[in-house]
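We begin with a single chain expressed as structure tokens, specifically the form predicted on its own.
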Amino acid sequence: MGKLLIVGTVAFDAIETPFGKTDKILGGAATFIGLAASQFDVDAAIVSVVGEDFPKEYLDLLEKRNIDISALEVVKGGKTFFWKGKYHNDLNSRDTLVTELNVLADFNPIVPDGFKDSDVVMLGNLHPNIQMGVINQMEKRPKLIILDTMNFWMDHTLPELTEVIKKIDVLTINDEEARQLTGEYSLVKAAQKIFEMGPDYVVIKKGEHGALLFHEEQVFFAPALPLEDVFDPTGAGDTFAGGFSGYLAASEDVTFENLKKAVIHGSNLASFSVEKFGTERMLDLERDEINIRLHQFKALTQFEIELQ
């Protein structure tokens, strides 16, 4: 069983979409990553921080899915990170209404001793200094360090982010962020520029239009499964990251061919995440459902053609 170290937020979200809205519910990058990764035979731990207001039932929920939460710090008297957002009708764009860093503002990550030799490190969307702090605590070089980031850190902490990117193996960002980071509109050219920054692999997520995997001169494309109902895109990218990193940690194979499979597993799990609000769909997800949808992914892309 491979070891997966997950770094990211464990948080409260309040979400409004054209299909309804929620009060404070369980959210955060590390939460979605952990729930997705728990679908694989992997030894996973979360490094994060919450306040005293974080319900014990949520902590129990993570533990029941065999996620080590010994490095999930609970700050006495503190309040948990909170994000509130409203999605537009197309569900591709949203407005952030409230962001309260709370205990996250002074978070100093501590990697548990049992995970300082992790095979895969999944650095969820956080301040680059926190991500670097985790890398520096690893006792040996992991087989794979995966970094997820967003345009906010490009706007406000680009020098720090650039230093972290030098240390990683895989960068996962969306198409808009890839263009911002590199100044290139062509995603092929953007991937080439990112290679020059340090990573060996680049995953560019395109939401409902799938995901691209780049490595040297090789390119792989995974479609997004057409869905009848999309209720809430929050956490879809993190769920993708959890499926991607969880599969790689479980298989202990970091070849390009296996990363292609990891992209499919990530896309597959993300397709479930959007079907209900927050983490709700990931909590009632059954293995049979996952396998059925994997077959649908295969059917979507498999064809035979006779070349002249």
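Each residue number is its position in the shown sequence, starting from 1. None of the values given here were measured: they were computed from a predicted structure.
As for the form predicted together with a further copy of the same chain, it is not shown, yet the points below apply to it.
**Q** Can you tell me which of 155-163, 224-232, 109-117, 122-130 lies within 4.5 Å of a further copy of the same chain in the predicted bound form, counting heavy atoms only?
**A** Correct option: 224-232.
**Q** a further copy of the same chain in the predicted bound form: within 4.5 Å of a heavy atom of each of Lys140, Lys193 and Phe195?
**A** Result no, not one residue of the spot touches a further copy of the same chain.
**Q** Report whether the minimum heavy atom distance between Phe40 and a further copy of the same chain in the predicted bound form is within 4.5 Å.
**A** Yes - in the predicted bound form, heavy atoms of Phe40 and a further copy of the same chain come within 4.5 Å of each other.
**Q** Test of understanding: in the predicted bound form, would Ile264 fall inside 4.5 Å of a further copy of the same chain by heavy atoms?
**A** Yes, Ile264 lies within 4.5 Å of a further copy of the same chain in the predicted bound form.
**Q** Using a 4.5 angstroms cut-off on non-hydrogen atoms, would Asn92 count as touching a further copy of the same chain in the predicted bound form?
**A** Result yes; Asn92 sits at the interface with a further copy of the same chain in the predicted bound form.
**Q** Would Leu212 count as touching a further copy of the same chain in the predicted bound form under a 4.5 Å heavy atom rule?
**A** Flag for Leu212 set to yes.
**Q** Of Lys84, Arg179, Lys167, Lys79, which residue is found within 4.5 angstroms of a further copy of the same chain in the predicted bound form when only non-hydrogen atoms are counted?
**A** Checking each option against a further copy of the same chain in the predicted bound form, the one that comes within 4.5 Å is Arg179.
**Q** Taking a further copy of the same chain as it sits in the predicted bound form, which residues of 186-224 have a non-hydrogen atom within 4.5 Å of it? Please list them.
**A** Ser186, Val188, Lys189, Lys206, Glu208, His209, Leu212, Val219, Phe220, Phe221, Pro223, in sequence order.
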